[in-house]
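Here you'll find one protein chain in two forms, each presented separately as structure tokens under the names structure 1 and structure 2.
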Structure 1
Amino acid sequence: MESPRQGGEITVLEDSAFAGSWPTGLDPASNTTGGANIAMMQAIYGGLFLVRANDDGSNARVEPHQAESYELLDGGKTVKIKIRDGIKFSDGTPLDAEAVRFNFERNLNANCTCKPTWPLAEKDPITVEEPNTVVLRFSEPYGAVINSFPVSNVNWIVSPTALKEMGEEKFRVTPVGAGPFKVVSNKLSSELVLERNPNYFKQGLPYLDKLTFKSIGGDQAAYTALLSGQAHAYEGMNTVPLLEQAEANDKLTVTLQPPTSPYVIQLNTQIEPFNDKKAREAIYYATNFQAIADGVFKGKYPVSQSFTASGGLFHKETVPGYRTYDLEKAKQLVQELGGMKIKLGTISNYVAKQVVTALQTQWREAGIEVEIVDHQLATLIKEFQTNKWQAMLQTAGAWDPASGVGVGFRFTSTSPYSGIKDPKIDELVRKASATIDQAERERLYTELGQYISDNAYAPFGLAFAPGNVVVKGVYGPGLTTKIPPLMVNTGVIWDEVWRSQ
């Protein structure tokens, strides 16, 4: 392969149902869909930490980026983060420890689902020790703190000076960071145009002069745009027939990422019918995810019985005693309940639609009536917050289950996206996040997966692996190499993306 070269531009497509939607802008403190917009955030802000991996996706790890190093002290109750010297925002002002402290405090008060759940101490929780060192103090150990950075808004540091001068309304449209690119124009949920940041701290990077993100209405439209030369890359293709076409097309490169986040059928145990364990068991017995994976997706996506997939940390493929497909048991339970009629919601994309349609067919055979409700990301968030939903097909995890839309996001009492209130789950999640002992973390997550299964809280399903599709001549970490997805899409390292012509 050629060596990386500087210059040129690319246009990247993002599905309007997920990452291609940023209706509230790209300020980490006010962007309510920030976890979906990691691609744009990383291009503008860079990030204190990044997930890197070997080219085949192995050896995934979180590495300091704008941070130079970190220390976990007091058994995980204190974290010292040292910032690299000499980093400047694209407006020329310094990214130092004081700027980081300002951002941490501001982002922790945000509405975004992407803010972290740090157990901060009451006294002096965030302080600046030296011009380049920020100190976090927790009320209890939080060993997962560094792994949680790349999917949370505290990773993206804005220029306090630019924010003050522009005001929040203007800033959310044309934000200023210290990442590889700076904003030229931003049409919300439509088009984001970026150009090289002349103050970028990595000498010789970014390779590209210009990077444009465009929202597009799904895989088919994106595939057509790539072939017609209207764009150069698409993140997250998962329509199997199109992936097969793309793989066979010598003008395109397809990189399937390691799956980390299996689907889960979230059941709202706070309302009928799923406040009754029998109803939840009926869903388990009526669901045949393996048949969906084999029949609809040709075995391309593996099925998991717990909350991480094969590319994620602490993955367990099976759980002892897990309730697998048994139509007769499902029918019997539905009869005992006097019938079941439910609404099943999901986000509107190809794989999710295929899965919920198949589930509707399977569940109907067991006597369960199902109404499917499709949502765009913004309306889905609002629906969760009503707490009146019954069942939701969602992605269940993250590379590290303690971060992003991981197990705490989907199952703890304090999350507005949970539907479950169980003190034992809360305690297991807390302990698994707290310890810095990786073997102990694995033991606790195994126990948690078993507990969720024993209580029939939520069946897990197939883990689709997002496919990144680029035209020939475009290269970059996460685009044409493998990095386990942070949540749904991979964290592409944009400063190292380049094109050969």
Structure 2
Amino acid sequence: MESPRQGGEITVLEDSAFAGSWPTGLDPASNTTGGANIAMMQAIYGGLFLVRANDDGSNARVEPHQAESYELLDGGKTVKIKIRDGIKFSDGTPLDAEAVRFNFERNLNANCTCKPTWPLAEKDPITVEEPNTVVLRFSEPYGAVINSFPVSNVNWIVSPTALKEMGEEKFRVTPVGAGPFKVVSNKLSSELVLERNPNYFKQGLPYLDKLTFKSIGGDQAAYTALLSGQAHAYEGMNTVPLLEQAEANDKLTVTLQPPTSPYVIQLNTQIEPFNDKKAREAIYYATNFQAIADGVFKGKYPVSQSFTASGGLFHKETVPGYRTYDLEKAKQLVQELGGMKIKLGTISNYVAKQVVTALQTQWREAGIEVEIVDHQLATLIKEFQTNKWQAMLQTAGAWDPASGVGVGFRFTSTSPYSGIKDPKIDELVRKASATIDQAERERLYTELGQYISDNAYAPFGLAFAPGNVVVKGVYGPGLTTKIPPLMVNTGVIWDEVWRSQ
């Protein structure tokens, strides 16, 4: 294989329904779609921490990037983050501990769902110890703090000087960071043009001179744009027939990322019929996710029995005693219950719609009548808030189950998106994110997976894996090598992306 070379430019396409939408701009404190815009954020800001992995996606870990190192003290109640010396924002001002403190405080007051849920201490929660060290103090241990950085806005540090000079309104359109690229122009939710940051702290990087992100209306349009040579990469393709076409096309490289977030059928255990364990068990027995994975998705997405998939931390291939597909048992339970009639909701997207349609067919065979309700995000949120929903197909988890739309989001009683009120789950989730001992975290998450399965709280399904499609001659970590997705799309390491002549 060729060695990386300097120069050139690429255009990256992002689906307008997800990552290709940044209507509130790209300031981490005012951006409300940060979870979707990780690609742009990393290109502009770089990040204090990054997720790296071996080329095949194994051995994924969070590594310091603009941070030099970190220490967890007091059993996880204090975190010291040391910033690398000599880092400058693209406007030439220093990225030091004071700038990081300013950003932490600002980002914690943000509207974005991507702000972290730190259990900050009341007294001196964020302080600067030396010019290059920031100290966080928590009221209780929070061992998952570093793993949650790459998916939260505190990872992206803006230049306080540029912010002050420009004012917030202008800054959100042309923000200034210390990442590998700086903003040339930004048409919100349409086109973001970036060029190499001459002050970038890594010698010889980035490889590319220019990086452009464009919003595009879905997989089909993106696929043809790649074939015509107007763009060089597309993140997050999930239309299986197109992925197969792309795989067979010698102009393109397809990299299916390691799956981290499996689909879960959330059952609202607070209302009928799923307040009865028998009804929940009937759903487990009536569901054959393996058949859906093989038949509809041609084996591209593996099936998981718990809340992290094969690419995520603490993944377990199987859960002992997990109720697998058994039509006779399902029929019997439905008969005992005197029949079942339920509404199955989902978010309106390509993969989810196919899954719910297949589930409807399978469940009907067991005697369960199913009405599919297909929601836009706003109506989905309303539905959860009313708490009258019965079953919802959603994705659960993240690379680290403690961060992002993690296990707590789907299973704890404090979350409006859960449907479960069980103090044991709350306790296990809390303990697992608090401890800094990785072996203990693994034990707690295993126990949690077992507990969810034993109580038939929610069957897990195929683990969705986004596909990155690039034209031949473009290479880069996360684009043509595998890195587990942080939430939905992979965190591409843009400074190491390059293209051959």
Partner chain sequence: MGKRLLMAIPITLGVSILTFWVLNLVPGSAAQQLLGVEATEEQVRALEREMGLDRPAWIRYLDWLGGAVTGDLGKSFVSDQQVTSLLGERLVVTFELVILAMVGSLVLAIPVALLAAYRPNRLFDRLSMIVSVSGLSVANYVLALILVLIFAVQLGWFPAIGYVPFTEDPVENLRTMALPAAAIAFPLFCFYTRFLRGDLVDQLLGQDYIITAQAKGVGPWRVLIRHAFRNSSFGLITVVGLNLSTLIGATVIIEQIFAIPGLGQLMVQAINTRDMMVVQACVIVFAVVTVVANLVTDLLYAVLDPRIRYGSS
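The first residue in the sequence of structure 1 is number 1, and each one after it adds one. Nothing here was measured: the structure is a model prediction, and the numbers come from that model. Only the largest set of C-alpha atoms that superpose within 1.5 Å between the two forms is called the rigid core.
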property	result
Assignment: the form predicted in complex with its partner chain	2
After fitting the core, Thr287 CA displacement of 2 Å or more between structures 1 and 2	yes
Core-superposed comparison between structures 1 and 2, Glu165 Cα displacement 2 Å or beyond	no
Per-residue C-alpha change between structures 1 and 2, Asp454, threshold 2 Å, rigid core fit	yes
Core superposition result - C-alpha of Phe411, shift between structures 1 and 2, Å	3.9
Displacement in Å of the C-alpha of Ala358 between structures 1 and 2, rigid core kept as reference	4.2
